[in-house]
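This document starts with one chain, in the form predicted on its own, laid out as structure tokens.
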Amino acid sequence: MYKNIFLKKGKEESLKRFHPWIFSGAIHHIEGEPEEGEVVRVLSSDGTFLAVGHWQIGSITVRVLSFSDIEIDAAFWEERIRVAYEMRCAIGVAGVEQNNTYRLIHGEGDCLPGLVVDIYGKTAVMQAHSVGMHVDRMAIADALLSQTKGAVEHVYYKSETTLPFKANLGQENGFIRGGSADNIAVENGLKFHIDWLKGQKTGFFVDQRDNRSLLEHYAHGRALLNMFCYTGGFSVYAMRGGARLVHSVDSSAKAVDLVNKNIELNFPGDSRHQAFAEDAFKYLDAMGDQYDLIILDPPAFAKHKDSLKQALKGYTRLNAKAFEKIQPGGILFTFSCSQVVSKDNFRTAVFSAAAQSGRRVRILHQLHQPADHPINIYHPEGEYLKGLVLYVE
């Protein structure tokens, strides 16, 4: 039987609103001593059942799996993964010939806090961000195989860098079900090498799929700069969109090598593309005004609230440089993937940059994460990706 966690009086209100996190300061006492990653029951101060979830040492002490008093067993994982897969089929990203690259599980957005699963062809890449999801990884892997109607045949576990460091789990990345050397996946008819072995995140930034499609719409005849290009997703879409010139820039030589491979995979021998391994700010300082379409998709400038102020300065500086250099009539795609940076924060930073440049700027689109990265309506913190498409006179 699961151990019981009793909350302090009045601390159950957020759970009554179905928020999936319980912070350490809300806990009054615990029956027994749960091990990290163990499933526990959460009760109000008067003993009323509230939720079941994974116990973890730290600020977020319980991540809620269910607000019903149920057992977290194989049937639970199968049901959650079946529902998630059916939703991806319903929105047209799973089970379609032209796309086998999508997010299947998006943590709190799929009522599975601490778990991320991305699909690349027949391989599911799983990341645990909590000890509980690590403990249950094998049951989750089995459910991925059984509940996706043959879409998933292999499960690669990639949690070496995402699990809490203090948990000291000694986890190594590797296949926990099946095994495949085929790392080419298809997104909207374009092919990409996915580096799930050593790449960032699960090997590809699935969350920019819709925004890459929008960029393709604007690319025809333009000279494009893809800054912080990583695997070159935006660059490949721009090539298909008819850009006359595409330059990809990343500080990582390994990323630049992968960009070139992805361009060659889709457009062999095409001379419109060049890639450069260089620091972003150095490149922006040195470049001329040859670009009339610029993408700024940097890594998270702020991972914690205490770095927010410095991050906003970074976004302002980066965008100011782009406004300074982009051609008249140019289009700027600019993003923040920092969860602690709100839409208003980001917009203020970009507006400050525009004001510094003295350019006339108009908003064409306000961008966000795609539908396979759903936001739990009771967990607004899940809205992390924000972007603007700007027309610069």
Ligand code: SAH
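Residue positions are given as counts along the sequence shown, with the first one as 1. As the structure is a computational prediction, the values presented were derived from the model and not from experiment.
The same protein also has a form predicted in complex with the named molecule, omitted here; what follows describes it.
Using a 4.5 angstroms heavy atom cutoff to the named molecule in the model of the complex, all of R212, C229 and P299 count as contacting. Proximity of E79 to the named molecule in the model of the complex: non-hydrogen atoms within 4.5 Å are absent; the residue sits far from the partner. Although the partner is absent here, D279 is a contact residue: one of its heavy atoms lies within 4.5 angstroms of the named molecule in the model of the complex. Interface residue remark: F234 is counted as part of the site for the named molecule in the model of the complex, having a heavy atom within 4.5 Å.
In the model of the complex, none of the heavy atoms of S307 sits within 4.5 Å of a heavy atom of the named molecule. Residue-level contacts in the model of the complex: of S252, Q171, N99, T162, one residue has a heavy atom within 4.5 Å of the named molecule, and it is S252. A single residue from the set Q208, S248, T123, N262 has any heavy atom within 4.5 angstroms of the named molecule in the model of the complex; that residue is Q208. Note that among 271-279, 125-133, 69-77, 100-108, the stretch whose heavy atoms approach the named molecule to within 4.5 Å in the model of the complex is 271-279.
Residues from 179-202 that approach the named molecule in the model of the complex with a non-hydrogen atom within 4.5 Å are limited to Q200.
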